[in-house]
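Quick setup: one chain, the form predicted on its own, written in structure tokens, and binding and motion questions come after.
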């Protein structure tokens, strides 16, 4: 953490909690008897309440999108590169809201929460979720905040799926929809990666069929491997090559030595896995990857994406990255083509990048920053 806050930082922020005592019926007809959503806000809501922007987080994200929780923080929020005074999502102009999704493990009701019917942690009994469940709960949060219409709903990856679902579920409640590095549904390869990660978690003896909290253990090894699998898919071959190559962390290839050779990429992945397993909940990881797998924008519209997008009333910006093979530019072009045929207002940018799927988080990409920034400048509040 710097000794003084950067001038373009939203500064010290404090999470807030919205409690909903009423029951919430999910897409699978299961019912949460009550729930809460933890969220953060940046900027000021104007008198007309017309400048609000919703940020939808991706798989491992949460409500802490920008700023710092204290002067002792070593790292700001996950999208701090793009949220703040004068940044692309300019908090001098917009009132930004970022919730931790239902099923999350950072304060919103999820598998770690107490089930009021049993007095114990939900654990594996927490109901499965769909992207539409997150959208409906976010709409409830908007109601509580007095926001009748979002100036924009913005999301990358899984967050982009939520943004698109917003445009269909509540077409009159957003004016702009920004979809970054996302897809209308996962490919078979993506589903396979997610299932492999889930199997890594569930094969850990400490997973205890999802009841590890009750047994006071954690499936750290399984969750660590799952994160390593996911992390590999978020990077590009070129990006990993430039950052790590075949450099060694330790050991030697000298003949006659008995040292174990360790590549830097191996050390890096193990570090990422350990860090993630210490902070994230395994049941949440399983729940959210399944929500990713289940998402299919056009399923309820006779598998007709054009017909689905005809419901939308907002304008769209779609952004992809050339090195993103997890959510490739082809997937974004499918979104754009469906929007064009649905006669919706859409702008599209394909950004040259070596950062893979994680490119939407990384700063220092001038074309991405400029397109993002100038599009948002054009939004009237």
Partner chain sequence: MRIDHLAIDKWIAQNSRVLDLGCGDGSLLKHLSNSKQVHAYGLEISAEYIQACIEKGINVIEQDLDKGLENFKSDSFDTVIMSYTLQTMHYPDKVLRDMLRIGKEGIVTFPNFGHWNARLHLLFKGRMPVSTRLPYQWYNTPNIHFCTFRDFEKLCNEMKFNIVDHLVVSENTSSQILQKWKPNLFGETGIYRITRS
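On a predicted model such as this, the values are computed, not experimentally measured, just so you know. Numbering follows the first chain given and starts at 1.
If you look for the form predicted together with its partner chain, you will not find it shown, but the lines that follow are about it.
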{"property": "In the predicted complex, segment of 356-364, 20-28, 369-377, 7-15 with a heavy atom within 4.5 Å of its partner chain", "result": "369-377"}
{"property": "All of 317, 343 and 349 within 4.5 Å of its partner chain in the predicted complex, heavy atom check", "result": "yes"}
{"property": "Heavy atom of residue 54 within 4.5 Å of its partner chain in the predicted complex", "result": "no"}
{"property": "4.5 angstroms heavy atom contact with its partner chain in the predicted complex for residue 339", "result": "yes"}
{"property": "Heavy atom of residue 141 within 4.5 Å of its partner chain in the predicted complex", "result": "no"}
{"property": "Distance check, residue 217 to its partner chain in the predicted complex, heavy atom within 4.5 Å", "result": "no"}
{"property": "The unique member of 306, 202, 168, 124 whose heavy atoms fall within 4.5 Å of its partner chain in the predicted complex", "result": "306"}
